[in-house]
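Read the single chain below, which is given as structure tokens and is the form predicted alone.
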Amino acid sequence: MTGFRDARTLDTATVLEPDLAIIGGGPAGISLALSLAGTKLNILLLESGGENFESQNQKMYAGSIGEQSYIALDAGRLRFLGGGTNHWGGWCRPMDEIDFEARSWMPHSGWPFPRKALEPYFPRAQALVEAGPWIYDQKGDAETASRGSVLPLGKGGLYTSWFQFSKMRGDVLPTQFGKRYKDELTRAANITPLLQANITAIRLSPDARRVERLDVATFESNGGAGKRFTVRPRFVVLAAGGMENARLLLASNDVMKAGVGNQNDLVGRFFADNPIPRDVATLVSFAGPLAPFYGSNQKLDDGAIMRATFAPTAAFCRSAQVAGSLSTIEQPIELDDLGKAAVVTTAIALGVDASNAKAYSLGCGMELTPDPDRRLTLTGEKDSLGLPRLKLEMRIADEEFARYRRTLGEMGRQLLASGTGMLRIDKHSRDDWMKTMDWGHHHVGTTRMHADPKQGVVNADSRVHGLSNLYIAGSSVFPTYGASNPTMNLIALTLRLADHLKKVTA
């Protein structure tokens, strides 16, 4: 049993020599370590924070944002054990097959492998996030039938899909990886979790072919710089999150002047998040209230917690050239007089009874198109340990909204075709969309995966192009993003990486 160690207790100039150094103790880093527990690998899990939130660590994330508004860089992520799972909502859904495809209407799209390459890893990922039995779209309608009927839609481009939700023991949503898996990490004889260990540089060999060492620093209790020491691993996995992965690579520029893995100026580019605009449309159900699983999470008898969403089919995405989206019922609303009149007129035209009609606001999680100019770069300002801070140039094109309007239009057509309801789109300009814009805090794409080093930072095995022993885990390697929440999907991808590492480190 190794137990947790505090890097502040190490002597200055200490040199640690693990077989594998994992940088980051979030869902990717913890999942990777657990999947390699019991192997012959001596693993060092380096977490920059402690077991709980500390302001001096969190300040390391501060940065700046360009003209397009976005969440403050130190507000959308957490720098302590468990990472993003300390504040995630627990939403889980596997990415769709089309999310992995190269789509002609979406430049830079496509993964180097299809969804089926991840399917063997989904059950284990589902277990790690504690989302219950695997139900989703395979049998979601049947499992939730006792709680109401699925809203009938006419034949067309959208269908009712399903989220499942992470839960901890005691049914507390959601699973916080640092707390949940602390004991398992402690029991693993070959894993040493090292807390309060901030990586300040990834140092390459002179020929830029491999990582030679990691420079590590700590804070003193008063917030000032503390001890500095070195890690010399055989292999390294960078799992520090979509923003910090890019920062560490860009800042480590002593051998590769543009930054590690950045020989083709791709590190930090293609940043993306899932836009979550609120009140995008008003949906009216002629027959009255929708089943409860549309508006809130419902716990099933087998323990699964599920919620319905409206998703576009792959065929509709191709024919209408739209991106992924997941539209959700948010809350009941009262129609104004014009809205009530529209419902009566429409119901008469369709020959249906709308005397019990109920209206709801509709929200959405959207997929962004990959954009190389939506990017992270380094600034001249440095944090308290000497690392350059980040600047984010956030962009969202008008075409992103236009694509989703086409999806909403198709949903409205299907409601009318089935005679079950109608839909009014409530956003008409870019300002309308941005006024109620929220974000998923899903930082993806900044070290994208591609077989061609001129188009991606890592290859299909998540290894950084040109380096023999540096890998990247997490959603920063997603080349295209889908609308599904990334955590369960990035864990499946990390488990695939674990199998690869078992082979190459043997």
Partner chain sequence: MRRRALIVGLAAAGAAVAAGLYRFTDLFVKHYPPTPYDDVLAALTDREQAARFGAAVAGMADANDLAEKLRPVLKSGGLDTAVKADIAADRLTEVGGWVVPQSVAQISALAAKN
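Numbering follows the first chain given and starts at 1. Values in this document were obtained by computation on a predicted structure and should not be read as measured data.
Keep in mind that the form predicted in complex with the partner chain is missing from the display, and what follows is about it.
Taken together, the three residues Val344, Gly409 and Ala417 all come within 4.5 Å of the partner chain in the predicted complex, as judged by their closest heavy atom. When the partner chain is considered in the predicted complex, only one residue from Ile348, Ala402, Ala142, Ala189 comes within 4.5 Å through any heavy atom, namely Ile348. Taking Gly339, Pro370, Pro112, Gly156 one by one, only a single residue has any non-hydrogen atom within 4.5 Å of the partner chain in the predicted complex, and it is Gly339. Of the heavy atoms in Arg375, none are within 4.5 Å of the partner chain in the predicted complex. Interface residue remark: Ile425 is counted as part of the site for the partner chain in the predicted complex, having a heavy atom within 4.5 Å. Using a 4.5 angstroms threshold between heavy atoms, Arg213 stays clear of the partner chain in the predicted complex. Put simply, Ala75 is far from the partner chain in the predicted complex: not one heavy atom of it is within 4.5 Å. With the partner chain left out of view, the stretch that reaches within 4.5 Å of it through heavy atoms in the predicted complex is, among 329-337, 77-85, 246-254, 147-155, 329-337. Annotation for 260-281: no interface residues with the partner chain in the predicted complex [heavy atom within 4.5 Å].
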